[in-house]
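Let's start with one chain on its own, the form predicted on its own, as structure tokens.
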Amino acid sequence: MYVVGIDLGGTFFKIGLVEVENGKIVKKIEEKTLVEEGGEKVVERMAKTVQKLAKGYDILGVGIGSPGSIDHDRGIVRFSPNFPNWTDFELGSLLSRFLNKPVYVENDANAFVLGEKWFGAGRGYNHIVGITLGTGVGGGVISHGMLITGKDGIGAELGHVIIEPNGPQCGCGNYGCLEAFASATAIKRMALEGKKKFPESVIFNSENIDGKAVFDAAKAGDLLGQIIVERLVNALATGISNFIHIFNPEVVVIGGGISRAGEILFEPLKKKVEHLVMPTFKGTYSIFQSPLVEEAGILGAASVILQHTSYE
């Protein structure tokens, strides 16, 4: 059995043909999104790409992981900063008409946690918290095997829980969100804020002031790098301990570019979370780095169709 997953981004969309039994991506194609052409043109090119990719295969359907506020019941992009003219855009039904196949649309962070459930570190578990650390911080929650989305389908915005009231301003406009400490954007901001006090930091020898530069500096004993990593770990551990108290997950899976830092992130994070959770919760959860890495977007999108069809 095969499904198609579409990882939809503002610059590129990636489409993969996925074999359900083993989560293998049989074929994949990446194309420019070209948002400026308008939604219908984008969907038409997506449809042609799917047809080309799936030719000769019988596919169950298509899942799309899209940034923004998504009405997943109706496949509508309510709003997305990546697609400024797609307000209340009927993405799912339009693509379905082109392909004559079922199409389901989900927020990309929710798609991430579904991907972990079906193909990743959450496989075999029914209670999962997924967190993506990228340009922003996204999150998704599965409880009793079901995705938690709230009344309007926009719940579980884990990146926007407030970690530090009156903390740094987040991209959402609020102050002290988890995203303001644990995202790539936040890491760069903290590095630039520290430049005046630590101008000799090796972080500033790098061509790009990004997460890799900061984590590499911290590994090398650079003080500013260590300060930033400690601040990130403390904020992330605070958020995760709260999620554990609220959702009682079996596993917490962390993905996105920042997760690739590896043990310099995960070792202190696990210790800090263990320190913060109530005694009742100790030993009830595990924290994992996502194994899906580059394939997380496509596999997460493919999982959207599996999740819907398995409960119909």
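In this text, residue numbers run from 1 along the sequence as written. These figures come from a predicted structure and were not determined experimentally.
The form predicted in complex with a further copy of the same chain is left out here; the points below concern that form.
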*Is residue 281 close enough to a further copy of the same chain in the predicted bound form to count, meaning some heavy atom within 4.5 Å?*
yes
*Looking in the predicted bound form, any heavy atom of residue 157 within 4.5 Å of a further copy of the same chain?*
yes
*Would residue 233 count as a contact of a further copy of the same chain in the predicted bound form, using a 4.5 angstroms cut-off between non-hydrogen atoms?*
no
*Does residue 220 make contact with a further copy of the same chain in the predicted bound form, using a 4.5 Å heavy atom cut-off?*
no
*Triplet 143, 238 and 247 all within 4.5 Å of a further copy of the same chain in the predicted bound form via a heavy atom*: yes
*Could you tell me which one of 102, 153, 134, 194 places a heavy atom within 4.5 Å of a further copy of the same chain in the predicted bound form?*
153
_Contacting member of 206, 82, 87, 174, with respect to a further copy of the same chain in the predicted bound form [4.5 Å, heavy atom]_ = 174
_Interface stretch in the predicted bound form with a further copy of the same chain - options 56 to 64, 262 to 270, 247 to 255, 41 to 49, non-hydrogen atom within 4.5 Å_ = 247 to 255
*What residues in 185 to 217 sit within 4.5 Å of a further copy of the same chain in the predicted bound form, counting heavy atoms only?*
none
